[in-house]
Structure formats: structure tokens, C-alpha cells
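The chain below stands alone and is given as C-alpha cells, in the form predicted on its own.
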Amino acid sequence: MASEDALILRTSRVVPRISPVVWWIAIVALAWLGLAHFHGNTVATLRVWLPLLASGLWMNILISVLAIGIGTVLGIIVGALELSRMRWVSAPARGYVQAFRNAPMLVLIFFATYVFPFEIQVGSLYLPFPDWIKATIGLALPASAHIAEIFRGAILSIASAQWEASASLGFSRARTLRWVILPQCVKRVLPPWMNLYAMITMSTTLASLVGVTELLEVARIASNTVNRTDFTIFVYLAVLTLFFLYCYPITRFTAHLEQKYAFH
């Protein structure tokens, strides 16, 4: 067994580890060459659609940023309520987390789409309530439930001796939470928070099912307009590439933070 482990170790040193970015570039290059065999103007046609694809990606980013922002604020509040010593406060917070954490995101998006009105009346004015805002709310609900659990777990991971030491110095529970506990929770919360943001970003494509013109919907429109098999494959490959280029740096930075704070 020892000799096998030594052989594996020597092999891992000889054979360099290939980065996922290299694999992705190789796959894209092979797909590019393969699709060029069908139509020479595939790349030119895709170039025409790139501005619309970029605007669709911007909508995905906008929805994801707003959803994670709303979810973070709401999740911190719910997570704090979960830690309350009063059962009538903590029980509804736990019920909220269990309900929205385990519900499918698509169901929540449809729920928000049909629960909220299409327009809001303010006096004599009728203000539209866009579908992308409803999709944002639908994604913010599960995000808040996940963040509440992340926040609660980070606080509970702090040694109880720090609470006792702060109390011995005359700090109230609120001041201890603000000045002693929360600064230590930031580095523990940040990696899973960023992973959650990447997951929310990928889930924004579900907004196309309720009429939001985001990246996947633009790709579908482009595919139906051009109506060519090679272009359809290429445009969806472009969608994958755009999401990869946006989410992969977030994933790598998250892995870096996890290694940095692993033993602190």
C-alpha cells in the first residue's frame, strides 16, 4: 500500500494538473472549428447578436445582484431571530428558513410572478410592476433562507468563552454581538455567501420562463430567428461561455478564501 501511495505521489508530480480554464478553452476551440465546417458565416452571424446577448447577461447580473442583496439583508434579520431565546420569536424564523430553503426556485419565481400584481395604483397613476422584479423577489426568498442558516451557523461556531469573557467585561449581549462576534463571522460567512451568489446567478436563467428577456431568452430568440442548426449550437455554446467567464472567477476566489481562512 505504501509503495502504491508513493507511485501515485510521484505520478502527480510528473503529470501537471490541467486547469479547468484550459479544458474549457480547448472545448470551445474544437467546437469553433467543428461549427466552421458547416457555415463560414456562423461567427459573423453570432457577432451581430453579441450586443443583445451582452444585454441579456446584464439582466442576469442585475437580477442576481439585487436578489443576493435583498436576501442578505433579510437573511441576517431572520438568522438573528433564529438565535433568539424567546420561542415565539425563533420558531417562526425557523419555519421561514425551512419553507423557503427547501422550496424549488422555479416554484418561488412563479409564486412571486402570480402573487404580485402586474401594476400598482398610486392615486390616479398606474405604475407597472415588471416581471424581472418579481423574478428577483422569487430568487431573494431562497437566498435569504440560505443566508439565515449561514449567518446562524457562523455565530454558533464562535466559542462560547468569548461571550462569557465579554459579559465579564460588562458588555451587553447586543454590544458583544456587534463588536466581538460579528467581526469574526465575516471571514466564515464570506466563502459560502459567494458560492450562494454563483448559484443564484446560474438560477437567473429561470426568469426566462416568466417572460424576462435575459441571456437564455435572447439565445432562444436568436436561434429561432436564424433557424440554423450550427448557429443554434454555437449561440448556446456562447451562453455557456459567458456564464463561465462570469462565474468561474467567483468560484476560484471563493476557493482561495476557503483555503485562507481554513485554520483561522
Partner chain sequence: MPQSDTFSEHPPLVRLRKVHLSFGSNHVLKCIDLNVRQGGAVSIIGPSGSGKSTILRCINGLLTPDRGEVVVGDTPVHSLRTEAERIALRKRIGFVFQQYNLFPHLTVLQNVVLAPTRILGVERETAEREARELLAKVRLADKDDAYPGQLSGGQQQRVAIARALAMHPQLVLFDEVTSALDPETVGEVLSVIRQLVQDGMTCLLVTHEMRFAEEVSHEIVFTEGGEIVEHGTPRDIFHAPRNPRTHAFINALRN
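Numbering follows the first chain given and starts at 1. Note that this is a predicted model, so its numbers are computed, not measured.
We do not show the form predicted in complex with its partner chain, though everything after this point is about it.
Checked against its partner chain in the model of the complex, the candidates Val107, Leu169, Val73, Leu156 yield a single residue with a heavy atom inside 4.5 Å, and that residue is Leu169. None of Trp179, Phe129, Tyr126, Tyr114 but one reaches within 4.5 angstroms of its partner chain in the model of the complex through a heavy atom, and that residue is Trp179. Segments offered: 137-145, 114-122, 74-82, 171-179. Contacting its partner chain in the model of the complex at heavy atom distances within 4.5 Å is 171-179.
Though the partner is left out of this view, Gln162 does reach within 4.5 Å of its partner chain in the model of the complex, counting heavy atoms only. Using a 4.5 angstroms limit between non-hydrogen atoms, Gln184 touches its partner chain in the model of the complex.
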